[in-house]
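Next up: just one chain, as structure tokens, the form predicted on its own.
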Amino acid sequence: MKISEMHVTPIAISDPPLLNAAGLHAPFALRTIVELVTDDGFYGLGEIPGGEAITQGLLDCRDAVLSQDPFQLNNMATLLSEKFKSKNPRQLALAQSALEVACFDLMGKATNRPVVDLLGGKARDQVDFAAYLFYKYEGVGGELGFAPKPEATGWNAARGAEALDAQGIVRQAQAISQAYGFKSLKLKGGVFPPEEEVEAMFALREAFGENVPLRLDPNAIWSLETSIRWGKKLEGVLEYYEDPVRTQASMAELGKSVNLPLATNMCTTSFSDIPTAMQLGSEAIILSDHHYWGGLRATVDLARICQTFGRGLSMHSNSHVGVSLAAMVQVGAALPYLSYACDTHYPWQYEDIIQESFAFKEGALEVSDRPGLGVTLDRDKLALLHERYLKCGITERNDELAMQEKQPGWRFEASRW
């Protein structure tokens, strides 16, 4: 079994105008899809965040991939490391993730086993996810523009509605929870002054009660002083406090002052960060992301490290389509140690490149037993979203630029409050 073809396809999916510390989501989010085809007719899929540089990085891997046996992941990793040795380590992690996931999809199809079995088998039959809440402007993004369909109801209406205050967030949370059954709620903060976002957390607590875990992520835009002040008020309210400050050292100092579990996907983001994280005690929970940590095997390795050192583990998310979600479910099911419900942006998206539809039940996804990732590529949808990428004029994510369309002169600040 040898890889005979490698296809790299950048796509643009509609993305609502979601606010965050870096600015605003553009009308389109970029993803890059890799398809590996073997000489015996199987194809495997991988997906990573998109953009011109990321896509080119994958294309540059072609000679390290073609003619390789997809089962020989260690050899491929060595070839990729050599290819990326003069580049940013993040580029290597992304490329390795996309190609490794595609190889696992191939291996699963060749052996007629789901990817979870190739990672050691199921530790659970379903993977829990949390509702991901955002402050947002009106609209659903993409070619539908910034106006929701007037006939929309339920979550479709909430997905298009403005949410710029605490009650808007509560309405959004109620709609997404009713639609998908999520049992925990996370708010992407770092948008408004801290007192407003803390107000939203207390409004969620009042609306949902004490049995629904709450999380707040200010995206590292608060100062240490601000994080301590508001963190103290949120003690007993939050399940965890995610990246209110920047750097491991600041997180460690914050942890000494507030009685809240601290989580990160910004301070500890690679294996080279682990020693300092453990030395400083910079976080209680690491939010993995197989795209940025280097793939599914790396996620399994990280879980073992977290368990060994008494750290919690969950998974981070970004705007994605079904290939990434399938990979998250397969690796999430293989982790004996997975402490918290995972993040997902998937309910915010309404387009995909796969034929299957994911159905959340009580906030969870059942683990597919179909071969590989368990998803089937819809080539017509892939072609449509690739054509949109070519026409949309966006070649990299830039939330600051998108925000300037709404607020001229707006600038990102690494520490705003």
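Please read these numbers as outputs of a predicted model, since none were measured by experiment. Residue numbers run from 1 along the displayed sequence.
This protein has a second form, the form predicted in complex with D-glucarate, left out of what is shown; the following refers to that one.
- The stretch from 96-104, 173-181, 207-215, 340-348 that comes within 4.5 Å of D-glucarate in the predicted bound form, counting heavy atoms only, is 340-348.
- Distance criterion of 4.5 Å from any heavy atom to D-glucarate in the predicted bound form singles out Asn318 from the list Gln91, Ser81, Thr226, Asn318.
- Using a 4.5 angstroms threshold between heavy atoms, Asn219 counts as touching D-glucarate in the predicted bound form.
- Contact check for Trp293: every heavy atom lies farther than 4.5 Å from D-glucarate in the predicted bound form.
- At a distance threshold of 4.5 angstroms between non-hydrogen atoms, Ser250 is out of contact with D-glucarate in the predicted bound form.
- Taking the partner from elsewhere, Ser282 is found to have every heavy atom lying beyond 4.5 Å of D-glucarate in the predicted bound form.
- Contacts to D-glucarate in the predicted bound form (heavy atom within 4.5 Å) from stretch 118-140: Tyr132, Phe134.
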